[in-house]
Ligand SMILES: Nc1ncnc2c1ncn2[C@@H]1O[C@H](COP(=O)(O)OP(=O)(O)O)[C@@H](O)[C@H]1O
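What follows is one chain in structure tokens, specifically the form predicted alone.
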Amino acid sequence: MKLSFHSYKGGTGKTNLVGNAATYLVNKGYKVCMIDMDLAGPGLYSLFNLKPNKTLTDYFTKKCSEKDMLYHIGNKELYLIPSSATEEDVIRFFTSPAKAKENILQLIAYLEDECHFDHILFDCSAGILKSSLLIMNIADFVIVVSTLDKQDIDGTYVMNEVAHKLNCKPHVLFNRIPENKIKGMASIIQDFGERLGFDVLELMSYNETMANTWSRNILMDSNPDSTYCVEVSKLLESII
């Protein structure tokens, strides 16, 4: 399955969610590849303490092969294709969005047909970028991560509208909700989502244990019984 993770703004916890979700799937016995599509602010390589020599940027500019930028993480079947920071959106490396899509589909074909990955997780750039919309159109399941911040909600609404025009159906995950309020707010947020046309996938609480990792390690490895990891596990079980 191809899962894509998006957000309107940074700071929603999207990249940590991708890393922990991928680790959960690997611990369940799947072979998983993460692709960092956030060229403006890549973070997955840092989350896994990786210092890559070749990245997705090199691949798109024909400076390396698929194999050169595919990094094995840990001692299980977890792999990462990192990006290096650039001011360019993915689309700008190609003559047209169609050509960009063709190249990304070729990469996916290599990962699925030759490497035999069970799941591919995309960590996409924040905002409504052509590259993010392109990945939305390719993915089997689309998750937009939002907080309850008004700007986040307004932007998520716009992303949702644009996605529907492209015949995509994103699922909105509200993250970092105060733990003491999450139960009382569940029905309110579901009703709110219905009024705005959101498909509310899940509500995840703000977790102090997760916050204290400072995006320096994977909580699913160090503390899999934490509230955050239990919520991530529940989320993935509902999708896969």
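The model shown is predicted, which means the values in this text are computed figures rather than measured ones. Numbers follow the displayed sequence, beginning with 1.
Keep in mind that the form predicted in complex with the named molecule is not shown, yet the notes after this line are about it.
Contact check for Ala211: a non-hydrogen atom falls within 4.5 Å of the named molecule in the predicted complex. Contact check for Asn16: a non-hydrogen atom falls within 4.5 Å of the named molecule in the predicted complex. The named molecule in the predicted complex comes within 4.5 Å of a heavy atom belonging to Asn175.
Proximity of Thr57 to the named molecule in the predicted complex falls outside the 4.5 Å heavy atom cutoff. Shown alone, this chain has one stretch from 60-68, 201-209, 26-34, 187-195 that lies within 4.5 Å of the named molecule in the predicted complex by heavy atoms: 201-209. Contact with the named molecule in the predicted complex, defined as a heavy atom within 4.5 Å, holds for exactly one of Asn53, Asn49, Asn180, Ser215, namely Ser215.
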